[in-house]
Ligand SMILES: Cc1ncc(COP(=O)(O)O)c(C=O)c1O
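The chain that follows stands alone, in the form predicted on its own, written as structure tokens.
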Amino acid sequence: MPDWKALRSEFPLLDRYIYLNACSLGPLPRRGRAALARYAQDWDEKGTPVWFTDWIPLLERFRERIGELLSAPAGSTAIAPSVSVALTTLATGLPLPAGRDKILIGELDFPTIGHQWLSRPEYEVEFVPSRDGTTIPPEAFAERIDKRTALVATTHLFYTTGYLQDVRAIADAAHAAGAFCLIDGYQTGGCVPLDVEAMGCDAFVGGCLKWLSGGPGNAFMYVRPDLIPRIRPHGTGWFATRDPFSFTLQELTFADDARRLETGTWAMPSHYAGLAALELILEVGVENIQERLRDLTDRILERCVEAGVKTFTPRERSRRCGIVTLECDQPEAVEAKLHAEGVVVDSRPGRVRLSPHWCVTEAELERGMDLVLDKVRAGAT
């Protein structure tokens, strides 16, 4: 088991706040800060040659580490500046089954997924309802998949409740009806062990902003290898081609691997920080982080039960990870009050969301929960 106390020194922000918002923005690790300084130094010292001496090799290493995180085959991962861009690329490029015009999305999914497909008039979007406001069983997806369904797009873990979906069951139901399955794992990357082949999904998107502590600009995609040759995104860029530096204008030859999903010039400072943080997480071990977060959220749920505060998160460990949401009448005001007292949380409509960083100590968690429960029960007064 990792030495959580020793690892804590990697995150200076944790010395200033009780950090219960890691699923919104993971704290910057020391090695991430050092990587940003190295980016500036490399650029300043080398100028244009830095592309070939440092930057392109770093991008390749980043893709490889993403593949390691996802247990994905070589050549099946690509980099994107945001999950929204990744979804746009996949929405235009995936070879969805012809003659189908329905997209199925979970009612508790993150808005970006809905917005992506609602912006496309050629598709009808159907939202799978949640009966309890916390979970959606895979059977609810399966019973709505029909011959019109082209794609089931949903999140691995619901951002407002912490419910961990059985995405394999959802993917199997989609495939049984001839549909595709796309999973958004932004909330699970770095806190739940991932194996995209075992999930059975056709595509997967995620990013380093949250549990991976890599900051913005570090999203990524996976596509099932046998689909890659058939993908031709409508929006593209010269770095998606087989040989960008051939400077070919009058023909478009996509890269043979998942790099064809990328577009233009990469956000290099983001990728310096993202790679450094990602390698830290892989060293610590996602399995270890998952168990640590389940221990911390076990205690949060216990405290809420003791205080009589309603939560929207499953109690069973295997059905959640990292997030507990509490009912709250004035969530934004409560968030501001807690921040002023040194506790960082997040607010959502009618709820306060807690996602403790895995290096938060047990003593800090107790102090933080004292303040959280006090403010939630009293409003912001």
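None of the values given here were measured: they were computed from a predicted structure. Residues carry their position along the shown sequence, with the first being 1.
Only in words, not in the display: the form predicted together with this ligand, which the text now covers.
Q: If you check in the model of the complex, do F62, S213 and A277 all have a non-hydrogen atom within 4.5 Å of this ligand?
A: Negative, none of the three is within 4.5 Å.
Q: Heavy atoms within 4.5 Å of this ligand in the model of the complex: which stretch among 186-194, 292-300, 94-102, 224-232?
A: Result of the contact check: 186-194.
Q: Which pick from S71, T248, N288, S84 sits with a heavy atom within 4.5 Å of this ligand in the model of the complex?
A: Contact with this ligand in the model of the complex is made by S84 alone.
Q: Work out which of Y159, F239, F254, Y123 lies within 4.5 Å of this ligand in the model of the complex, going by heavy atoms.
A: Flagged contact: Y159.
Q: Please check if W117 has a heavy atom lying within 4.5 Å of any heavy atom of this ligand in the model of the complex.
A: No.
Q: With heavy atoms only and a cut-off of 4.5 Å, decide whether S130 touches this ligand in the model of the complex.
A: Outside the cut-off, so no.
Q: Taking the shortest heavy atom distance, is T89 within 4.5 Å of this ligand in the model of the complex?
A: No, T89 stays farther than 4.5 Å from this ligand in the model of the complex.
Q: Answer for W266 alone: is it within 4.5 Å of this ligand in the model of the complex, judged on heavy atom distances?
A: Residue-level check for W266: no, no contact with this ligand.
Q: Which residues from 217-252 come close to this ligand in the model of the complex, meaning a heavy atom within 4.5 Å?
A: Contacts from 217-252: none.
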